[in-house]
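Next up: a single chain in structure tokens, the form predicted alone.
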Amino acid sequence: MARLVVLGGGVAGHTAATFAAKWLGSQHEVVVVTPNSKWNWIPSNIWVGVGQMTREDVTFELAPVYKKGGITYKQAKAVSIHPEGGENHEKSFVTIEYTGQNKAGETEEVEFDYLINATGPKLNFGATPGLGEGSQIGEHTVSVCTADHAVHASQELKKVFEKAKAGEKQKILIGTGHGMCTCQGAAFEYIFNIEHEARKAGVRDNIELKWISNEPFLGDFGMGGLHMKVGGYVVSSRLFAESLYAERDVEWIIGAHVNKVEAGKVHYELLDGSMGEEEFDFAMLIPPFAGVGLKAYDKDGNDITDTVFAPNGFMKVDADYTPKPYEEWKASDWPRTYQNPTYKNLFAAGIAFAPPHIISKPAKSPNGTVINPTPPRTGMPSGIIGKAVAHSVCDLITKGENAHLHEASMAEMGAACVASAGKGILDGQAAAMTVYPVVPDFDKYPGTGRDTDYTFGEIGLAGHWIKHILHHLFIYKAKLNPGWTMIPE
């Protein structure tokens, strides 16, 4: 019997573990190690953050689902990986520390034949003074990165709306909290959902909304922007986004590195090197992401963390990490199999793999401060990669170590994104966009880097209904309900 250990129970990890368990059956063991007791459909956290959904609407208990799927579940966090084995272990093993109430603080060494690192990111609030400490949000801002964060955000937003109803002007600041953030999309959705709820509540005139982001232009989204078909015409995402902000009376600050947060005020640096301040009554700033801090050791106990992981803490895979100027970046630099180049029994999926470089054009201020979005690897790409990696591991287990590895390059992958601009049965709106490929290939698609026949976007009520349906569909799938394998990633 072979054992596959999956670190992380998010989109990538949950997808990998559930498909692997189905394909391997009872002849082999699949183990999931995750510090969380609940699964969270993160895209709907923005609706929790404006009071349109509850925590219970976006989460469910993992234990019964994994029991149903024949998966061994350990509520714990991974501490270190030992791909060569070590003292008392001929096999590779991972050291874990339990987080559940019954065993909290206890450690265990779990042997494996193959390991998939799908830990996702550390929410690095501590990277910006005043934004938070370590992975914990601070007292000056809110977050929608987790379900609990979103509940807190909703409570604080309610107070702002109450003040606005009483005639008190309120200023809301939404965006990114550092010059190297990703996930602009979550902040994008949140600011427009706040705008929508403010209009519904009749307080929009007393609320000033402002966007602050590390993007070099609106609509960059960490993908260098895109050209897409809208209403039969090819337009830039910049024009699409600027129109959306202007129509809803949302001002913006772009190319900004938030370098300090105080009570009611952020300090920032712009790409031109100038410094600025912005006051607020309510702020939601996405933190930068980092690896979760896993260590790695060889069989003699020597630290090999730098061999297995990139400096940002994400796992090295089959990408071209050779430093090269932006003009020499290629789509082929991006990984295809997500197998670690040194240890063939290690794979990474979703946010946990180290990208070879960013997608947007790199930028620094005259002061040397890096201000550019880092690559998005969430949602649909995470699910597709998780499934491909699971397929590879299952084939390695059942067919032998020379089995063909399945591929899922983001440079050959399309992705769909439905960004909510307000929840409502009849007045909701969402921007529905597809992009192909996620990582632009300028050799194959000169000029735009993408195929405009498969890259398009629309905004309207239909998009909202699609997002609402997807919410229920993916939670249904994640619970392993009948027919779950037929629902695409």
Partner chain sequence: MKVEELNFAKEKFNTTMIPGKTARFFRTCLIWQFIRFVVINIKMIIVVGKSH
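Numbering follows the first chain given and starts at 1. Bear in mind the structure is a predicted one, so any value in this text is a computation, not a measurement.
Below, we refer to the form predicted in complex with its partner chain, which is not included among the displayed structures.
S.K.: Determine which one of 294-302, 69-77, 415-423, 96-104 lies within 4.5 Å of its partner chain in the predicted bound form, judging by heavy atom distances; exactly one does.
M.R.: Of the options given, it is 415-423.
S.K.: Only one of Asp148, Asp320, Glu251, Glu262 gets a heavy atom within 4.5 Å of its partner chain in the predicted bound form. Which one?
M.R.: If I apply the 4.5 Å criterion carefully, the residue I get is Glu251.
S.K.: Though its partner chain is not shown, can you say which of Phe161, Phe282, Tyr343, Phe240 has a heavy atom within 4.5 Å of it in the predicted bound form?
M.R.: For this set of options, the contacting one is Phe240.
S.K.: Is Asp57 close enough to its partner chain in the predicted bound form to count, meaning some heavy atom within 4.5 Å?
M.R.: Asp57: no contact with its partner chain in the predicted bound form.
S.K.: Taking its partner chain as it sits in the predicted bound form, is Glu139 in contact with it (heavy atom to heavy atom, 4.5 Å or less)?
M.R.: Answer no; every heavy atom of Glu139 is more than 4.5 Å from its partner chain in the predicted bound form.
S.K.: Although its partner chain is absent from this view, report whether Met433 comes within 4.5 Å of it in the predicted bound form, heavy atoms only.
M.R.: So Met433 counts as contacting its partner chain.
S.K.: Is there a heavy atom of Ala63 no more than 4.5 Å from a heavy atom of its partner chain in the predicted bound form?
M.R.: Although its partner chain is absent here, Ala63 would stay clear of it in the predicted bound form, with no heavy atoms inside 4.5 Å.
S.K.: Counting only non-hydrogen atoms and a 4.5 Å cut-off, give the residues of 448-463 close to its partner chain in the predicted bound form.
M.R.: In sequence order, Tyr454, Phe456, Glu458, Ile459, Gly460, Leu461, Ala462 come within 4.5 Å of the partner.
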